[in-house]
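Below sits a lone chain in structure tokens, taken as the form predicted alone.
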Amino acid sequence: MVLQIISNGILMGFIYALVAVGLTLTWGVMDITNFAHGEMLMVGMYTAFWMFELFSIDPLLSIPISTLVVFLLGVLLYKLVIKRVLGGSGLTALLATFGLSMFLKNLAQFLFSPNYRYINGAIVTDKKIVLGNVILGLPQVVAAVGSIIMTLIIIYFINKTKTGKAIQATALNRDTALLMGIDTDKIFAITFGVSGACVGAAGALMSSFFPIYPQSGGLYSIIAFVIVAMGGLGNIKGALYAGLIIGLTEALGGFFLGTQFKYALVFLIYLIVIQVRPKGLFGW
């Protein structure tokens, strides 16, 4: 039974990590606390849902579509809102993204109603993988594998491409990056777009086993903040490891202490880590 719980925790941990990777990029590069991150995830889930409902495109096949839609949404939100508050105080940016969160949530409720929606009949729906005494839901396995692949793509993009290196340079020192000829405004737009792409992919991956409704991204947004702070601001590797820690903590805490205490344990682990490592596990 414990092995089953650990397996479930690891699978969810990889999904949490992908959600957190997008947040750690905007937080580390732009110093923006994006409270609308969960709502961007929700947009990705609704995109996958409507692709399935209207065009019979399976959520797995709609991953590129959801990724592109939320990438473009991220760029648009940067151009319309985030760009205007970058030079202001941290509180200004926080309130702006909180306003975006409320707007996207209420817009979804207005357009689609507050009802829960499910994708039934997808390729992986109701299928399982049996490994001895461990039974894994195929949707969760596919979501975890997809999250790993997407995270590796982001790591490659940041470390190996010219744009990725420009993002790193901008994160280290914005003024120096400008002096070196880097268009930091363009880099910020790309960063916010890539952050959206991460949750767009995560939303499509999760849509086959998680209910879709206007508030569906709220919990994941909170968990992503914990993971980013625990792993270290702007550190993708830290987000990956912290995501696994949170996934395992949630699963084991829910099993041994009860589901009503699992998030209390998650925040306790976070507080302990921050006391020992104030800048996170991989912060510098």
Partner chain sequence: MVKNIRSLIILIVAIAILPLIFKSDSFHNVLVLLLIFATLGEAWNIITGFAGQTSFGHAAFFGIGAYASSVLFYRFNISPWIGMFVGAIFAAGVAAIISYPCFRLKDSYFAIATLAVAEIIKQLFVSWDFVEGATGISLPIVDDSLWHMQFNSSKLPYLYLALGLFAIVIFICNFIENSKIGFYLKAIRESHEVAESIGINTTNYKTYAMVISAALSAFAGTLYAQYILYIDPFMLFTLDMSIKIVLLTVLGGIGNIYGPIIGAAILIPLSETTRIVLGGTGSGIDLMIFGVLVILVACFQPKGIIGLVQKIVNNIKKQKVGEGKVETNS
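Fair warning: this is a prediction, and the values are worked out from it, not measured in the lab. Numbering follows the first chain given and starts at 1.
Below: the form predicted in complex with its partner chain, not depicted.
Undergrad: Taking its partner chain as it sits in the predicted complex, is Val141 near enough to touch it, meaning that at least one heavy atom pair lies within 4.5 angstroms?
TA: The answer is no: Val141 has no heavy atom within 4.5 Å of its partner chain.
Undergrad: If you check in the predicted complex, is Ala251 within 4.5 Å of its partner chain, heavy atoms only?
TA: No, Ala251 is distant from the partner.
Undergrad: Considering non-hydrogen atoms and a 4.5 Å limit, does its partner chain approach Gly232 in the predicted complex?
TA: Yes, Gly232 lies within 4.5 Å of its partner chain in the predicted complex.
Undergrad: Just to confirm, Ala96 within 4.5 Å of its partner chain in the predicted complex by heavy atoms?
TA: Answer yes; at least one heavy atom of Ala96 falls within 4.5 Å of its partner chain in the predicted complex.
Undergrad: Out of Asn106, Asn173, Asn159, Asn115, which one falls within 4.5 Å of its partner chain in the predicted complex, going by heavy atoms?
TA: So the residue touching its partner chain in the predicted complex, by this definition, is Asn106.
Undergrad: Which of these residues, Ile148, Leu100, Ala169, Val75, gets a heavy atom within 4.5 Å of its partner chain in the predicted complex?
TA: Contact residue from the list: Leu100.
Undergrad: Which of these stretches, 241-249, 42-50, 66-74, 254-262, has heavy atoms within 4.5 Å of its partner chain in the predicted complex?
TA: Only one stretch qualifies here: 254-262.
Undergrad: What residues of 244-276, in sequence order, lie within 4.5 Å of its partner chain in the predicted complex by heavy atom?
TA: Sequence-ordered list: Gln260, Phe261, Tyr263, Ala264, Phe267, Leu268, Tyr270, Leu271, Ile274, Gln275.
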